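Next up: a single chain in structure tokens, the form predicted alone.
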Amino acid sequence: MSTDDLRRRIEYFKDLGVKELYRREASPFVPEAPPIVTETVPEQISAALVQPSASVTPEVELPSLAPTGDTLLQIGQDIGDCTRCALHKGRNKIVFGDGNPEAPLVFVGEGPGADEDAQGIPFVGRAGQLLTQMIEGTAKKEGIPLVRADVYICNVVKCRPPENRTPEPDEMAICGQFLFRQLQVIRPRAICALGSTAAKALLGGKDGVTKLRGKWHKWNDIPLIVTYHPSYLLRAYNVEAKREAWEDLKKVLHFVYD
């Protein structure tokens, strides 16, 4: 495993709240060492793992990012009637995802709203209707035969946050493991992150949409583009943002479907 692969895995488990790594000596005849509690700063964790002392070469075993033979059906079953975080207390339905399970393009939003919570389908309210118009309208203008059902749409969190507030970090971390598995199973040609919450969940960091949009990023080697969330575009004064979102969508559609 390369240093970059190891760092990505460490950062992934850090995002999920994992604070302990177990180290075992290379020799099978030496008893396992006790748990070592590491700092949560990824640079410090990485240095401790990839630069061991000269006298001991530790072997660090991390579980895979997703179970072998994972499927969307299995992920849905693993979520079950989820009560892992406080969001379950006010939800009506879990909103898992919608669209083509083999889609070459996946849109990731923040979380369900009232309409989504009622129907169990992502992006069906006003923002969802705008997203559908953006996908199908832009595709038609660009000569790409594409409708909403051809892509896959999901959210960072699967339950509606109260009053549509921004999800808390622990809520994003808990639901993030299922989002990451969804993306790993589908393995699209590209991902479109809708809004800053989705961008931060997938890319880390604190930058907002205005700094991230307009250029390509990567999530687990999958090209990723960031654009505005449709709910932001519903505000009448965001005329320039609408034009920029259209440019972002054109870019990702041509990349995936040309």
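Computed from a predicted model, the values in this text were never measured in an experiment. One-based numbering along the sequence shown.
Beyond what is shown, the protein has a form predicted in complex with a small molecule; the following relates to that form.
Stretch-level contact check against the small molecule in the predicted bound form with heavy atoms at 4.5 Å: of 69-77, 106-114, 138-146, 182-190, the positive one is 106-114. At least one heavy atom of residue 123 is located within 4.5 Å of the small molecule in the predicted bound form. Taking the partner from the other structure, the small molecule in the predicted bound form has no heavy atom within 4.5 Å of any heavy atom of residue 213.
Contact check for residue 200: no non-hydrogen atom falls within 4.5 Å of the small molecule in the predicted bound form.
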